[in-house]
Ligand SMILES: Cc1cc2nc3c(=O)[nH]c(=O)nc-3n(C[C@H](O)[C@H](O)[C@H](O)COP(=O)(O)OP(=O)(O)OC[C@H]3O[C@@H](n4cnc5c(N)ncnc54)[C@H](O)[C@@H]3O)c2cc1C
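Single chain ahead, by itself, as structure tokens, in the form predicted on its own.
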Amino acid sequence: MKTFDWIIVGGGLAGSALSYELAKVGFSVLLLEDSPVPSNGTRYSYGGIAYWSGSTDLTKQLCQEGIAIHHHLSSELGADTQFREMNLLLMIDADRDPEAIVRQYQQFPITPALLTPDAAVEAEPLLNPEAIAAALLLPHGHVSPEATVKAYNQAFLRAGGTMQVAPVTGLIQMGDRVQGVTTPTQTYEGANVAICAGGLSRSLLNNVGISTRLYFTQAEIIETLPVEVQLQTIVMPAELKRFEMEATAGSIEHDALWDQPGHEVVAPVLDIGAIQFQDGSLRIGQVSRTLTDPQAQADAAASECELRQTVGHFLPALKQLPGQWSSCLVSFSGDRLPLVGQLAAVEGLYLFSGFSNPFAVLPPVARRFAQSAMGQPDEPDILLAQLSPNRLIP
């Protein structure tokens, strides 16, 4: 039986980017995805690249590297990721103080323009000016999540990688060293295993007795087929409730709840937003819930109704568009930084998950990870040390 240098568990953006970067530098790599048609956080994401949003030296550097990679990624991978630069319009609710909110954005290297409601409608004609006090306008990047993952996977295969569709059911361990993974039908041997399974990563690690401060939300959206309505910008709220919710739900005092199915750690939030892809389809979202059972089912009808009512208030033309409600798991960490690196408990076992700005920072982190694995210059190790999953051991 072949022993791979690396086994990557999870075929979303994290697993696809990491497996490609590792194969590109010469490792033998197996990528395992549990479904031929994944319904993960990548599949239902907006695909936005918030390269303006770094607030520390670390995140500023990663955002700059990320947008630089995206500018040439289609050429490198030999397939179109549908990358484009476009405007991000951040809505400020009618009862909020625009000046106070714009001050919160002064920490970023690219600061927004503050628009009156009328000016906001010039930038986004579908917007209801009576629903907002003002809006912020920022440059933003965008890709198709599905096209990007497909491009990474095709380039990975050309680089000699191996892909299999199979759910990972466990790890093979000899003492404190990982030796591979098991699936329902087969065992795969590997010198190193990287868990890139997003919202399922916590339960997979818990099954082998490893605790980590990695959590997940259930994100709920409506997805339409291509429509004639034309959205000119990516529309989101200026004050994302999701970040505050994650900070509370991911606090150490709530950690024990996450291993007990049946809990809702904090109340759900709704951050209304919309993006139109190049084929004319739309994604409208999102409701976020902290349900501790990854298999929990929300009330789809109630969720869709809430989404439609709220989007109709801000973007009336989108309210009644035919669409399909869907949900997926989205991982997050206890401090909004990703968890990247070897887990202290088991030699050869790595975590690569919890990205809160994945399309901006994940590609450069995957590249640096592969460089570090090859023993290349010290800089990747210095940066990756700041993302170590062991910094948040509960």
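For every residue, the number given is its place in the sequence shown, counted from 1. Predicted model only: the values in this text are computed from it and were never measured.
One more form of this protein exists, namely the form predicted together with the ligand; it is left out here, but the text below deals with it.
- When the ligand is considered in the predicted complex, D335 lies well away from it, no heavy atom lying within 4.5 Å.
- Although the partner is absent here, A197 sits close enough that one of its heavy atoms falls within 4.5 Å of the ligand in the predicted complex.
- Under a 4.5 angstroms non-hydrogen atom cutoff, the ligand in the predicted complex lacks F27 among its neighbouring residues.
- Using a 4.5 angstroms threshold between heavy atoms, I221 counts as touching the ligand in the predicted complex.
- Shown alone, this chain has one stretch from 365-373, 45-53, 60-68, 338-346 that lies within 4.5 Å of the ligand in the predicted complex by heavy atoms: 45-53.
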